[in-house]
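Just one chain follows, in the form predicted alone, and it is written as structure tokens.
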Amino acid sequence: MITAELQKGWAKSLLEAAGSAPAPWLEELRSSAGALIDGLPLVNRKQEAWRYTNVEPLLKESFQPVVERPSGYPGEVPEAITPHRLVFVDGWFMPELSDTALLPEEVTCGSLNDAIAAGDERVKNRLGSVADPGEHLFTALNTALVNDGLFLHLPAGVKLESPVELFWLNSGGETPLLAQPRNLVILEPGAEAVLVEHHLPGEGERYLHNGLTEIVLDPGAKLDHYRVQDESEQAWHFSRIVLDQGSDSRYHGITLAFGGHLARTEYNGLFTAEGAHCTLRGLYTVGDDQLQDFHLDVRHDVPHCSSREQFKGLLYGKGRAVFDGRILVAKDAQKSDAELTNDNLLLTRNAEVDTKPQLEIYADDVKASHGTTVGQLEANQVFYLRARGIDEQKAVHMLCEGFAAEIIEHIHLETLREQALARLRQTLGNL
């Protein structure tokens, strides 16, 4: 049972090892977030957002925050698919393992910590302006322990020809580590970029990744954002992505979730001006001793904006998934257009999913829909394939691939799309 003493004590032990901030204003931001923790609701099943997700075992773990840049990385870094590679170890940027030399000079892409230490006013003005640190314990903790992460800034009109690729790795060790990356992405008017993230275990197995990403898209900016979460099956993974979209901006986000013992991904989207569009898609596979937890909150506060949310899950063994998606259309957000769907295939009787798509509509001139499905493979589809000489296991794999293809086909990078399909086949091969 999660008590106030357990939650506060766990957070206090982490805050005591926080280390110093590279700038006075950041120290103030960190301190104010830390002060919020004692007053935050417990992350227990009495809270709607945590009803189906038990984090009590996590709060009983003793993690060691990584408060300074590691001296190196003991393993091999995966091969990149783009010319622009950034490697982070335990949440810290590793310049000696990265390559950003081919990026245009006017683009800033690298360490958030270094940008803060250099007095970059863009970070000072924007960091913390999108994400509310009082959202819950893990958001407050990330803000209270801000040290490093990605800072990506594109000036107005700049369009990157090649994607920026990030690798999040863990160095391992006897003590479970806590990585607290904080990312800030700013695209000024008309700028365009593709961002690819790989969340991998590296040399570590048992650790906590607690990441928070703030994305600011100014008018007319476009961002394609792909995230592959393939953490260790003994690890905890928390990611929160917060979007602030200006007029006529476009965000296209896809998350592929394969790994983690307990993995929770949150998207918070806010339209601040008319004409913006947001697409969120996700594919998750969940097996024994795994929980994949997705929470979406997209707010239409202004007219003439559109959003599409589509998530699919393949569950097997005793795997569990949670999907909690909400679209809110405010009173003045006329002409909004929104769709939300969540579809799940249960491949075994012991697999379980709790799904709750929601619409809250306060305007009277909108197009909006939501729906969810939970089911098993249809016997007649399997029979159809077997009748044509395909064995049962192969038939099941083909049907699962077809189910997942509706998400994977929206990956616009061919190599990444092939990698995603290969990873899916690896999972299916273990069924």
Partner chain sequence: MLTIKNLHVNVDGKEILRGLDLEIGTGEVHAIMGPNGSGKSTLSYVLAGRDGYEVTEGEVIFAGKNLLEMEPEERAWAGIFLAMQYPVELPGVNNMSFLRESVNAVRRARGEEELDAIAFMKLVRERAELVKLPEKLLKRSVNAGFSGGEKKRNEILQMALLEPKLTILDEIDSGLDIDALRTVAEGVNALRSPERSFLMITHYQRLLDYIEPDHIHVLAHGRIVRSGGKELALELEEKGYGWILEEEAAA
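Please read these numbers as outputs of a predicted model, since none were measured by experiment. Residue numbers count along the first chain shown, from 1.
This next part talks about the form predicted together with the partner chain, which is not shown.
J.: From the list L59, A405, V67, A35, which entry has a heavy atom within 4.5 Å of the partner chain in the predicted complex?
T.: Looking at the other structure, the residue within range turns out to be A405.
J.: In the predicted complex, which of 396 to 404, 23 to 31, 36 to 44, 59 to 67 comes within 4.5 Å of the partner chain (heavy atoms)?
T.: Partner-contacting stretch among the options: 396 to 404.
J.: Check N54 for me: does it contact the partner chain in the predicted complex (non-hydrogen atoms, 4.5 angstroms)?
T.: Judged by the heavy-atom cut-off of 4.5 Å, N54 is well away from the partner chain in the predicted complex.
J.: Can you name the residues of 379 to 394 that have a heavy atom within 4.5 Å of the partner chain in the predicted complex?
T.: If the 4.5 Å heavy-atom criterion is applied to the partner chain in the predicted complex, 379 to 394 yields N380, Q381, F383, Y384, L385, R386, A387, R388, G389, I390, D391, E392, K394.
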